[in-house]
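Here's a solo chain for you in structure tokens, the form predicted alone.
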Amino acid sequence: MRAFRGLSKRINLKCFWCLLFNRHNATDGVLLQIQQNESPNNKVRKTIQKKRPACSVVLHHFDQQYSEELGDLWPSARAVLLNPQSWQYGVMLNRFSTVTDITDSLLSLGFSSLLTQTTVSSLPHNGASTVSNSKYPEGQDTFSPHHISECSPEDFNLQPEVPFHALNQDPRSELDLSLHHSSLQCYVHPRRLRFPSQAHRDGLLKQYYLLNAASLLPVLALQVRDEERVLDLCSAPGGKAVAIMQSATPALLCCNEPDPHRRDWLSKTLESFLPRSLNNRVIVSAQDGRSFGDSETGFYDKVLVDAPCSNDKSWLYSSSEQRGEQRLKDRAGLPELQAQLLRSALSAVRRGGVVVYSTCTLSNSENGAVVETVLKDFPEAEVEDLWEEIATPLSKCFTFSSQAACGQMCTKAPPLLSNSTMSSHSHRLGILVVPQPDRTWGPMFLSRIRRK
């Protein structure tokens, strides 16, 4: 069995597993070994994991573009992107599973809670854990007319680094949902310390989801409330859908993914985290996201558009120079697709509802420029300021930059005009999380738009 990333082979794995899942009295010794192996003076880690080479053609393109767009933030962001060993991982807990032991272990290892906890409404308990993804729930076919995936994906490990079945116990029993639960909970560590993964097992719920903590910000911006109708327009692999269900209990969450392979992944994720009692609330759709605005005009209260984008962290490590060149060519067509998806979302949301647009790229042409373009076609839509709501309270954990019209970037909160004049450089189109040393979260851009 491999040790999880961030620990050297010299760590006593048996002791470590005991700490995580049995809470033996070996905490101090394990923590000492973790601290020793994470020390700047310790070279063991560098000899264990081979550093992946970056794709030179992609890096050159990023240097040209982001030096101009990010200014002084780019050199440090570049250093983070070029050092995957420094990347941090958040641990999002699953409120539908028993997590007390996981919480205790996280706190013992120096993790801390990212978000303030609140209480959400309870759900009736309805038996074992599965999510319907093959048909509309009985009696709920008036929710939405589109087709539902009928996939039967093969069992596979979504995060295969350390299989959960290697453990000596199975703590993923489903909680009685008549109890009240805390809302979205995510734990982060100040250094690069990664928890082990949990493999998918039929009929059993996972306790937590490993993720880039910045990916939770679009869900926070969406502000989902109980009994709302929510559309996750580009849902795979499903992390944000799971986060939505940790935050509230919507009347309907439609998780849309047209690509069959990614839809299989999405279905498996939902099955791993959500109980059967939600099978009349969570559905999987296979529509082209660009058509929702026509087929379901004004139907949803909230829409999340986590758009396909040029994923900087992934693209930088393209398998070959040819692959990198092809990706950069494809990049030119992404803003038009993203704009089509955002237009569809704004048509699908009701008057007074909100759309959150997000990407995992630093590129202004896929971020603020897309929002600026689409708003010209929707005079009744207005960007809402996220700086005081999200950037200010989370600034100790994330490095934020504000993206304004015409691509202007700043790391402070400029005054926001009372109107939505798009020519004003003071009008923020969204906020951007820029990876920085010791806060390697991101990239993540998010913008919230309300239909007046």
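Given the structure is predicted, the values throughout are model-derived calculations rather than measurements. Numbers for residues come from their place in the sequence shown, where the first is 1.
One more form of this protein should be noted, the form predicted in complex with a small molecule, which is absent from this view; the next part is about it.
Candidate site formed by Cys234, Gly238 and Gly289: every one of these residues places a non-hydrogen atom within 4.5 angstroms of the small molecule in the predicted complex.
Contact with the small molecule in the predicted complex, defined as a heavy atom within 4.5 Å, holds for exactly one of Glu325, Asp259, Glu382, Asp101, namely Asp259. With the partner omitted here, the residue from Gly71, Pro84, Gly110, Pro308 that has a non-hydrogen atom within 4.5 angstroms of the small molecule in the predicted complex is Pro308. The stretch from 259-267, 272-280, 325-333, 347-355 that comes within 4.5 Å of the small molecule in the predicted complex, counting heavy atoms only, is 259-267. The small molecule in the predicted complex is not approached by Leu210, whose heavy atoms all lie more than 4.5 angstroms from it. The small molecule in the predicted complex comes within 4.5 Å of a heavy atom belonging to Leu337. Mapping the unseen interface onto this chain, Val230 falls outside it, with no heavy atom inside 4.5 Å of the small molecule in the predicted complex.
Using a 4.5 Å cutoff between non-hydrogen atoms, Leu217 does not count as a contact of the small molecule in the predicted complex.
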